[in-house]
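The chain that follows stands alone, in the form predicted on its own, written as structure tokens.
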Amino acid sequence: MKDLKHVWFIALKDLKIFTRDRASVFFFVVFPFLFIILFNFLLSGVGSEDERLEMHVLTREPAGGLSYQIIGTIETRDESQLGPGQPKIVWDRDYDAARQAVDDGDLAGFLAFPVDFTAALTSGKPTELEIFADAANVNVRAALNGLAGAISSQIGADRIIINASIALLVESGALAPDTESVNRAVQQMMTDIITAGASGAPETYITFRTEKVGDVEAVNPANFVIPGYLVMFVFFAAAVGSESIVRERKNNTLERLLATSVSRESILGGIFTGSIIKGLAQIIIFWGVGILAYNVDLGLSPSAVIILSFLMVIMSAAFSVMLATIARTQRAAASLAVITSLTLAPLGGCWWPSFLYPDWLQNIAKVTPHAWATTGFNKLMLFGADFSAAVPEMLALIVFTIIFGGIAIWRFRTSAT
């Protein structure tokens, strides 16, 4: 019981020192919200537009082939005539330029008619439509596959009708049975069918029925801005707090506490508890302002968000004490705090979502507690995950806490020598 009192009194002492330092209070409580206000303003309206899907089509045939008439039929000439959700179809003319654009990432993909398209159709030989698309752009790739399937199905149905018509004409003697005459007749009938569809306007090779339910809402940027800066500034505040621990060790404050029968464990526990209380105050302010002022959505499991925040505070407090045991001077502690905080924050996804990183950088980021914390918040608040989805991130923060805390206990000393 006596040791617990000592822990509490040491924690209160640290809190009083902190609250009397107005610069520290401003920097660790008010200053983060200047960033939040700025980035919330810059990112407002993100995702508010329901962007129309754009599909690019081209042909490798010489001019005059059936593919020219097919593309002319489905090409979007007046975007204002498109219905809700209906894609815009663009006719590209240069195959090599289109392929290079996909390779460069300037174009998501395109559908191309082969060189022998008309010859294959008229002779009854099989032919293939080519889809060249960025593998990562699932939406465009699926749309192009759907368009190719619709064209193939329509042509297949038309070909059945044409074959039957040709057979009747040959049987009646109205058409010569030689191959050249039949192929010429097939091409003419196919041309007439396509031209009729183009002049009729409502007939196209791919149609859509869209049912609109509500309006597209803009993404609330606070849902990823506030968690990111919470992780960054809670860690930063705790790390910078290591400087005061080094100062008390240097001016023999910790030694004097030992002389008054306060145990080493009580001193360590008091410092650790004080850092936790400051971190808890930060997250209460962060989430309070986030919910009330920015309408932050805590997702399906608010309890998981709270637990993840609490684990982030404990881990940061353990890191603070560990940093104080490594640094020998106040200047070294301050420098290490700034360097580690400003290095781990962007790498760990505090400045921008880490799921936007390439895979190799995401793997490197996993060596930081920031990456695990921000990933957990993103799962819960952006992707609608439940409590169980964030358990790996919680366990990772516990592991970091054990590592930092173990080093802190092992190296903690009260004297400057």
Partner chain sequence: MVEEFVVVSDLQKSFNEHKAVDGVSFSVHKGEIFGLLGPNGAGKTTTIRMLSTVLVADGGEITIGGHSMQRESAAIRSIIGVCPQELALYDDLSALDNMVFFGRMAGMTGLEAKEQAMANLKLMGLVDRAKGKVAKFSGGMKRRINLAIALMGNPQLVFLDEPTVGIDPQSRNHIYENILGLQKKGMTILYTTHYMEEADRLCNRVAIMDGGKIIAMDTPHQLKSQIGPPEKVTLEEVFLRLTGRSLRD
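Just so you know, these numbers come straight off a predicted model, no measurement behind them. Numbering follows the first chain given and starts at 1.
Beyond the structure shown, there is the form predicted in complex with the partner chain, which is absent from this document and is the topic of what follows.
Please name which of the stretches 103-111, 129-137, 223-231, 259-267 has residues with heavy atoms lying within 4.5 Å of the partner chain in the predicted bound form. One stretch meets the cut-off, namely 259-267.
Since only the chain is shown here, I'm wondering whether residue 408 would be in contact with the partner chain in the predicted bound form (any heavy atom pair within 4.5 Å). Because no heavy atom of residue 408 falls inside 4.5 Å of the partner chain in the predicted bound form, the answer is no.
May I ask you to state whether residue 145 is within 4.5 Å of the partner chain in the predicted bound form, using heavy atom distances? Residue 145: no contact with the partner chain in the predicted bound form.
Can any non-hydrogen atom of residue 253 be found within 4.5 angstroms of the partner chain in the predicted bound form? Taking the distances in the predicted bound form, the answer for residue 253 is yes, it comes within 4.5 Å of the partner chain.
With the partner left out here, check for me: in the predicted bound form, does some heavy atom of residue 17 sit within 4.5 Å of the partner chain? Contact with the partner chain, yes.
Looking at 99, 247, 141, 88, which has any heavy atom no more than 4.5 Å from the partner chain in the predicted bound form? For this set of options, the contacting one is 247.
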